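Take a look at this single chain, the form predicted alone, given in C-alpha cells.
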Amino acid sequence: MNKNNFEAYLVGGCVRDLLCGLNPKDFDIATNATPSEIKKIFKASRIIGKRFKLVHIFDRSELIEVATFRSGETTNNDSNLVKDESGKIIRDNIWGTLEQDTFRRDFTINALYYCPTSKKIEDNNNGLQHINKGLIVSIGDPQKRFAEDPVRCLRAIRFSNKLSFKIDNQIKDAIYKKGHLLANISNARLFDEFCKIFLYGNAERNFNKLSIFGLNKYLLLTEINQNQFSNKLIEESLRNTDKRYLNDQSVTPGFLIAALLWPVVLESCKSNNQINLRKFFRGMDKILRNQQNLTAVPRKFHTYIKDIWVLQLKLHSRIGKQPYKTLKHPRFRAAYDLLLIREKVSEKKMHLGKWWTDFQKNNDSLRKDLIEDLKNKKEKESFKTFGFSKELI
C-alpha cells in the first residue's frame, strides 16, 4: 500500500492481542485508500458488505481484511451514513482520516494502529493506558454507541473474558439499557457472534456473564421451565467445548447447538413424563427453525444436529444388529460424546456410556458378549421414557 502512496496500518484485535501477550487469529488493515482503489492494487480481492464496505484480499491460504478510514457523521453525508429509528447504523461508508477513524471504533483497546514502516503505534483514545489497567472502555458515550450497534454489548463481554479485563461501569449500564436492541440484529451476524463467544475457549464464562446481563436469549433458545438437569447439561456442554478447544481438538457449532438444545427437544415431546416419539420427530425441525430465527445456523449443520438427537434414542437400543449399525453411523462419535455429557450430569448413572465405550473396542468377541449380557438380564431403563427418567435424563 505504501508503494502506491497510501497509508496502511495494522489495527484492532491483532495489535491489542500482541500487546496482551496473545497470538492474533487474524490481521486487519486500515488505510486511506477507498475500496475501489484497494481492489485496483490487489487483483485477488473483492469488495464485500453494504453496511460497512470492506475488501478481502486473498494471499495464498491467507485472507486479509482491509477497511477504509471512516469519518463518521457529517452534515453532508450523501446518504452514506444511515440510521434507523432506534439509532442503529444501517450503512456507514463515509471515508475520512486516521484520526477520524479512531473515534468510530468501539473500545479504546481496539483503536490502536501500528505502522510497520515507522514501528509506531497511533493511540488517540488512551487504549494503551486501558490495556495496562485491564479495563474495557467505550469510545464516546456507550449509550449512543451501543444504540448505533447493539452487538457491542456482546463484544464487551467477550473481550472482558478473553483478556480478563474489567468492564467499565458506563458500559455495564449501556448493556442493561441497550441490550434489548439485539433483537433487531440480523440472525447471520448473531450466528457469527455465537461462534466467537462459544467456540474459542471461554464458552462457560461468556455464558455466565451473558446470563447476568440477560443476553443469552438473543443467541439461544431456552427451555421455558428450566430445571436442574437443563442447567447442568448446559454448563457441562460449555465446559466440554472449552476443554476441547484448549486441547486443540475440533469444536463445531453443530455439536454445541445440539447439546444446548437437547433440554428444549425433551420438553417439546414430553407427554405424561414419557417421550412421545411422534412429537420428538416432528418437533426437531420446529426447534431448529426457532433457533434459526435467532442465529442463522448454516443448513449443513441441520442434518448433523438432528442426527445427534435421533442417535440419543438409538444408543439406547442395543439388541441384535442395531449396535453395529449405530456404530457405523457417521455421527456416532458426536452422539456418543453427548451421551457421556448427559450421563455425567444425571442424578443416577446407568453405565450406558461405559457400555458403548467398551463396544467401540475392536474386539468382535467382546462385542458379542456385551450384547449377550443384555439378553440375560432385565434392563431397568425403558425406551419410551428415555430422556425423562431420573436414570437417563
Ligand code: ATP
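Position 1 is the first residue in the sequence shown; the rest follow in order. Everything quoted here is computed from the prediction, not taken from an experiment.
Missing here is the form predicted together with adenosine-5'-triphosphate (ATP); even so, the following discussion is about that form.
Undergrad: Can Asp28 be called a contact residue for adenosine-5'-triphosphate (ATP) in the predicted bound form at 4.5 Å between heavy atoms?
TA: Contact check for Asp28: yes, within 4.5 Å of adenosine-5'-triphosphate (ATP) in the predicted bound form.
Undergrad: Considering only heavy atoms, tell me if Arg189 and adenosine-5'-triphosphate (ATP) come within 4.5 Å of each other in the predicted bound form.
TA: Looking in the predicted bound form, residue contacts with adenosine-5'-triphosphate (ATP) include Arg189, since a heavy atom lies within 4.5 Å.
Undergrad: Mark Asp106 yes when one of its heavy atoms lies within 4.5 Å of a heavy atom of adenosine-5'-triphosphate (ATP) in the predicted bound form, and no otherwise.
TA: Yes, Asp106 lies within 4.5 Å of adenosine-5'-triphosphate (ATP) in the predicted bound form.
Undergrad: Answer for Lys232 alone: is it within 4.5 Å of adenosine-5'-triphosphate (ATP) in the predicted bound form, judged on heavy atom distances?
TA: Output for Lys232 is no: heavy atoms all beyond 4.5 Å of adenosine-5'-triphosphate (ATP).
Undergrad: Do all of Asn110, Arg152 and Phe159 end up near adenosine-5'-triphosphate (ATP) in the predicted bound form, with near meaning a heavy atom within 4.5 Å?
TA: All of them do, each having a heavy atom within 4.5 Å of the partner.
Undergrad: Which residue among Lys196, His180, Lys166, Lys314 has a heavy atom within 4.5 angstroms of adenosine-5'-triphosphate (ATP) in the predicted bound form?
TA: The option sitting close enough to the partner is Lys196.
Undergrad: For the chain seen here without its partner, which of 293 to 301, 263 to 271, 98 to 106, 314 to 322 has a heavy atom within 4.5 Å of adenosine-5'-triphosphate (ATP) in the predicted bound form?
TA: Of the options, only 98 to 106 has residues within 4.5 Å of the partner.
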